[in-house]
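What follows is a single chain, given as structure tokens, in the form predicted on its own.
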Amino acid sequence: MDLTVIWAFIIAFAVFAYVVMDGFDLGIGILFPTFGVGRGRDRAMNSIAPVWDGNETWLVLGGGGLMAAFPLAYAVILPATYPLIIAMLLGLVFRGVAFEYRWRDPNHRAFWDAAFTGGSFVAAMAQGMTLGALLQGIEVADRSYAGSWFDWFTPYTLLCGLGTVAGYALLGATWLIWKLDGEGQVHARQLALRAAVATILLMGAVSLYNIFLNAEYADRWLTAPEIYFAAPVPILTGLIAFSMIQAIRKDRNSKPFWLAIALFFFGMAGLGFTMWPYVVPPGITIWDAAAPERSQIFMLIGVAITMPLIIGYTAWAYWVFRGKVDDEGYH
């Protein structure tokens, strides 16, 4: 049993849970200006009111787990992406404050709505660009970051950022299809179709860019025997994307959202296949960056206790607020 591999999958799970759960409420923030002032925006925001802050638990688990289980990776990735991390955190702060204050300060609701949208967009864009900065490779010397302040800013990272924004918008729109009815649901379907097309095109563009970005990435996807293991990922992704668009068009309620999650799952599986076993491409593997074995065992005990509790209360919250949203909230 390789504890380092176990910890890599724990952190990957936490990141995936964060992307999916906080992704759809960030997506609603991105789409917020398209809803009518008043009832339309209130219903969209009410759909995430009971769960949005709990969704960010997974960001803490993912970031804290990276620092504890892979301290070298944490020490390299953060200095390489400080501007992006700061922008993401500021975006989340403005978004959270706007979420609360738009109800308590109706005289300035237009300002808080703009802060909610701006914070959501900035956070999503920063997360995507951070992923892009990691995939394009980080310069390391003597186990420390050796690049410049702006190495993260490239056309590739911008493409990854836009892909993340589109993907979050897709999650947000499909969530609203599930949770709204009437005119709000019709509008959400229109948004979901546009976001689905944008997400699929940008996922394809990032995937093709990866092949030219790094020779090792190209070998992993295009040469035998690796190609036989990699081929199911784009095939299944294509099938899921087609099914999702059909579900949006055929007036399904929850199915588009679950298929959007599946699309993200296979996108993340593709990223994992591309990067493995590096945690900081192109030179630091998960074993190079891992904490001592005793530390991993100690932390694994804590995770074994806390993660089921987090999953349990999260599932309970979603079960309690499982209905549609009207003008007064959930029913």
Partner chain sequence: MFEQFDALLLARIQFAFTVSFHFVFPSFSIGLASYLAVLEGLWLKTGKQVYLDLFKYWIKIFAIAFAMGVVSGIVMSYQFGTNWSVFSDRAGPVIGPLMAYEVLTAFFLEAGFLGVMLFGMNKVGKKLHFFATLMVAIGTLVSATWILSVNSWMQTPVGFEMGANGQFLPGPSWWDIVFNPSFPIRLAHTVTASYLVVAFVVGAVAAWHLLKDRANIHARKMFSMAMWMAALVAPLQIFLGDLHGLNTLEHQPQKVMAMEGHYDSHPNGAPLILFGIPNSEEKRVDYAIEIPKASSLILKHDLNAPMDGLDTIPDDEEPPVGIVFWSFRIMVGIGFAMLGLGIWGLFARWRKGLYEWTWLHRAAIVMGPSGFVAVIAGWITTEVGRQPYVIYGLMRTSEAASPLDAPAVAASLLAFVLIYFAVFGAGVWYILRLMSKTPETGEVGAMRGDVGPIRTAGITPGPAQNREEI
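The model shown is predicted, which means the values in this text are computed figures rather than measured ones. Positions refer to the first chain, counted from 1.
Just so you know, the form predicted in complex with its partner chain exists too; it's not on screen, but the next bit is about it.
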Fill in: Which of 235-243, 93-101, 201-209, 216-224 lines the interface with its partner chain in the model of the complex (heavy atom within 4.5 Å)
93-101
Fill in: is_contact(residue 34, its partner chain) in the model of the complex, heavy atom dist at most 4.5 Å
no
Worksheet item: Taking heavy atoms and a 4.5 Å cut-off, does residue 159 contact its partner chain in the model of the complex?
Response: no
Practice prompt. Although its partner chain is absent from this view, report whether residue 78 comes within 4.5 Å of it in the model of the complex, heavy atoms only.
Written response: yes
Worksheet item: How about residue 190: is it within 4.5 Å of its partner chain in the model of the complex, going by heavy atoms?
Response: no
Worksheet item: Any chance all of 53, 299 and 321 sit within 4.5 Å of its partner chain in the model of the complex, going by non-hydrogen atoms?
Response: yes
Worksheet entry | Heavy atom within 4.5 Å of its partner chain in the model of the complex - residue from 139, 105, 181, 251 | 105
Fill in: in the model of the complex, the residue from 303, 284, 262, 271 that sits within 4.5 Å of its partner chain by heavy atoms
303
Practice prompt. Select from 142-170 the residues with a non-hydrogen atom within 4.5 Å of its partner chain in the model of the complex and write them out in sequence order.
Written response: 143, 144, 145, 149
